[in-house]
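Only one chain comes next, encoded as structure tokens, the form predicted on its own.
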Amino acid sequence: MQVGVVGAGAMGSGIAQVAATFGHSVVLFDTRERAIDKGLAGIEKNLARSVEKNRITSDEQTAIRSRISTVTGSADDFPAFAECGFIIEAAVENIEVKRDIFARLERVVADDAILATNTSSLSVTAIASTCKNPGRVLGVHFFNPPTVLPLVEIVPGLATDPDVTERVQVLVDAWGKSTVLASDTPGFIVNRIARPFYGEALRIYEEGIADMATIDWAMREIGGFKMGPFELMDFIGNDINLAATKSVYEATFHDPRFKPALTQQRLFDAGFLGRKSGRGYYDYSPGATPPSPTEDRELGDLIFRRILCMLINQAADALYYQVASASDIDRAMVLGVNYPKGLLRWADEMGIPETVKWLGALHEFYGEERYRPSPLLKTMAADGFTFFS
């Protein structure tokens, strides 16, 4: 089956490489020649690195690259996808742009071709609604970089044909990925549940409880996370992280648990986007001295417990509102954002009553809906249940 990819950025070119690696001929499209050139350069660099590490042979490298053809032009050039059986869109995270792409694609592809969006937070149902046959449209959300991270969220819209969902999940599993099934809700699994990792860290900083370096230290050294929240936001890019937070906040009709932080907005306004701009929460200019954390274990434990309980609360609510199964929620957070362990299993280990106690204390102290404990957690704590036996 021929695979089409709309958008040759980091995500699109990575997805194209994955599909080509598993034997598909791929059509990679972008409106910008520069994006195509950069995307192909990234693919060639990745393949060369794989040869150096003996993951593939030089013959395999040549074969993979030969399976990828490119098209540059306007949307009028979409007929290049006419022979593709599976087309995935990885364009800018703008719903009107995506809807236009899908409407144009539907006019040129075969009736049985499957159309997928790599959106990380936009409504799949809304994107599909522009199509005459929304039953063949679904979300297939890879994580960056697609060639490395194993997780893919499969997200059917309200009109998606169940057979299409099943066929795509089998296909992406065959590409060596670990798929999880998510309902079409804001942020799906990972981008919904992970919001407190950043938001609560920003709140702790804004309250003056600890500085950024200390919060990062606590989450690394006590929590076991690979990177602290401020380090990670600088790595991701403050523009991207803020956009994801705003998207989920707006899509949930301004649920206070997802409220963006003024600190992050101000950094964005200043152009302090993180590593890629040379400055974010930290200064990355040559000769800059990284700030030292206050290595106070008692303070660090308070920071870690507060953020962890907020994360667990989101995971429990995702299960309560049927966003995904318990096993898919935990697998998504480990494979998608490299958490030390699944949040629901973490809740079992820490004790669900302990989590509810922390959340209840925060809710009582602040009097904000932001800290309301999930009804599922409260029920489980009262009845002595756990997520996993």
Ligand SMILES: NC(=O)c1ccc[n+]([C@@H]2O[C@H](COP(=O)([O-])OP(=O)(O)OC[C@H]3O[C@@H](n4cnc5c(N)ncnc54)[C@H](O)[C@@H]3O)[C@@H](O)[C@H]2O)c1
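Sequential numbering from 1, following the sequence displayed. Note that the structure is predicted; figures quoted are calculated from it, not measured.
Omitted here: the form predicted together with the named molecule. The next part is about that form.
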Using a 4.5 Å cut on heavy atoms, which of Glu250, Glu221, Asp296, Glu93 is close to the named molecule in the predicted bound form?
Glu93
Selected contact from Ser325, Ser69, Asn46, Thr31, since only one has a non-hydrogen atom within 4.5 angstroms of the named molecule in the predicted bound form
Thr31
Stretch from 251 to 259, 85 to 93, 277 to 285, 203 to 211 whose residues place a heavy atom within 4.5 Å of the named molecule in the predicted bound form
85 to 93
Report whether all of Cys309, Ala318 and Trp358 sit within 4.5 Å of the named molecule in the predicted bound form, measuring from non-hydrogen atoms.
no
I'd like to know if Met380 sits close to the named molecule in the predicted bound form, meaning any non-hydrogen atom pair within 4.5 angstroms.
no
Quick one: does Gly12 come within 4.5 Å of the named molecule in the predicted bound form, counting heavy atoms only?
yes
Close approach of Leu362 to the named molecule in the predicted bound form, 4.5 Å, heavy atom:
no
Is Arg192 close enough to touch the named molecule in the predicted bound form, meaning at least one heavy atom pair within 4.5 Å?
no
Just to make sure I understand: among 118 to 152, which residues lie within 4.5 Å of the named molecule in the predicted bound form, judging by heavy atoms?
Asn118, Thr119, Ser120, His141, Phe142, Asn144
